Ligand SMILES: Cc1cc2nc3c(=O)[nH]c(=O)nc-3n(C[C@H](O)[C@H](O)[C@H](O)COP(=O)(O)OP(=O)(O)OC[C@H]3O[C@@H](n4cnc5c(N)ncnc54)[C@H](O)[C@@H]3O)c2cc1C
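The chain that follows stands alone, in the form predicted on its own, written as structure tokens.
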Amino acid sequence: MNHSISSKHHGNESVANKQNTPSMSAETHEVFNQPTALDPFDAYQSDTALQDWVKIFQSTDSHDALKRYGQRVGTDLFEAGFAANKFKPEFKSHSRFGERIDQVDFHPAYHLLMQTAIEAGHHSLPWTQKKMGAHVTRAAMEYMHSQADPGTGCPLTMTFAAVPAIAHQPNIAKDWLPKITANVYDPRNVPFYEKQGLTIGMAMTEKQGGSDVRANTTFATAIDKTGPGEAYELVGHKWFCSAPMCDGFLVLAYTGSKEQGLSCFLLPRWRPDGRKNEMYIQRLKDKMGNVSNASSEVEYRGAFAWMIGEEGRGVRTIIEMVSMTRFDCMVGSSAIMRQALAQAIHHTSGRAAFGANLHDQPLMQNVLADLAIESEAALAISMRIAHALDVVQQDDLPADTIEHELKFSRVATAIGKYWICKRAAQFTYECMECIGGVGVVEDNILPRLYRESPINAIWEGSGNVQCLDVLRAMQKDPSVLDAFMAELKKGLGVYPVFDQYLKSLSEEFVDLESLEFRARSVVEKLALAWQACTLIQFGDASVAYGFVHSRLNQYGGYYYGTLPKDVDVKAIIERARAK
């Protein structure tokens, strides 16, 4: 190389001229064999699986609305997701005049994400349109939105999930619910009665207890009368309060001895008389993921709140909210998987290695198809729960149908939350590996998705909590297991592998003494059977075949890329490709 360069510079040229003369040899390389960015994209129309599952579960009249939202997700909201995570929320305890304000400031991108979602009904659609398909439509919207930014999904899901809990208290619900369900986003730090749209947060866990809320020490004292709908003042702390700039928070506190049980309260950020409530933010959590969302530690020093529901039955009151937020964890983790997969397929389709396009290399095809199967299986059971939520809201369906869906979803939500959220982290890492070195660079969305991927597995009850919840539900009402197994039996008669798997699964409940010790293993098997059953009944034939013959017969390994050779990997990859 040195010889060829020097041979171009000979004759009577001066050293100075040689140094200053531009030369093509100064160009080290040209950029090639790099794919274009998957940006912009259409999060709805480019996702065949999403469109299919929306149609399967009776939400066909939402196509235009979802199409519009999908276009926003892949353009300005996608860019806003990067900005909202780059510029973290900032906490200001005091004003410049020394007044305590407890203000959290967000980047404008955060407000764009929130405003777009709320104006589209992300937080309220099933409560304002109680028709078949409303929950499915809203889940599809969340699925797309979370691909742009999972962080804003936190206040959106809490606002959505708070509605059934607050509805337990009619005198509070009449003033709050119309504003909670309004498609109006108002981020101002002003009293709730000055706004047309409200958001709701949650503060349940404390340092000493975490998921064991019975260990809480926050105490509520009645201001005048006691009981549901009455005003109390709370003294205590909360280890996690998300998100502290919401207009009100559902909080658990004791009113008497622990034997009397926890009560549920709605704690507004401002008192009804216009004074700042005695809720003091201690700090914002510096989290590895979910960065755009502010999570905080708070203290209550005589904070005003209304009791929601029966005294001492707060866990029961708030459990409907928790059930909804756990469902949203399923959808949110499925969304992370989808975005990671879309990036991996797009990147490998535009890049060659070792003399051939990555998409044409058999081992890469095995990995991508395996990931695509996992992603669609997660979406499938998430939409199945959304359908169950739609069914139980209908008054004109047979009572036994509604009863089945209630019992089925009672245990299925915990199973789905455990399994999908567990799978998301390993899945996202594998997609990063498909992309290679570029996948770990912060210009790419994969690092953010990877940091986000463990969050849903921890929030709203960790893996052990979900498994124990499944066991408690079965012990309290054995018919919920019957309902779940009846659902699984709908997949019988297509694949002998599935039929044998289901037969073996029923034997897991013979030895009840060791069931808690085996809970994770049992819940995993229930999840796999449910995903297989849903794909067999409603899904694409290639995806269903691939899932059954890689997950249920011990063929597949822990890592992706171990599909049997007769799986139609090319068809599966093409179905999953963002078109």
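Since the structure is predicted, the reported quantities are computational estimates derived from the model, not experimental observations. Note that residue numbering follows the sequence shown and begins at 1.
The discussion below concerns the form predicted in complex with this ligand, not included here.
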4.5 angstroms heavy atom contact with this ligand in the model of the complex for Q426: no
This ligand contact at F192 in the model of the complex, heavy atom, 4.5 Å: no
Contact test in the model of the complex: T317 vs this ligand, heavy atoms, 4.5 Å: no
Partner contact for E142 in the model of the complex: this ligand, 4.5 angstroms, heavy atom: no
Stretch in contact, per heavy atom within 4.5 angstroms of this ligand in the model of the complex, of 405 to 413, 434 to 442, 368 to 376, 197 to 205: 197 to 205
Heavy atom within 4.5 Å of this ligand in the model of the complex - residue from L266, I281, I381, M158: M158
Proximity to this ligand in the model of the complex, single hit among F82, W127, F91, F240 (heavy atom within 4.5 Å): F240
Neighbours of this ligand in the model of the complex among 457 to 471 [non-hydrogen atom within 4.5 angstroms]: I458, W459, E460, G461, S462, G463, N464, V465, L468
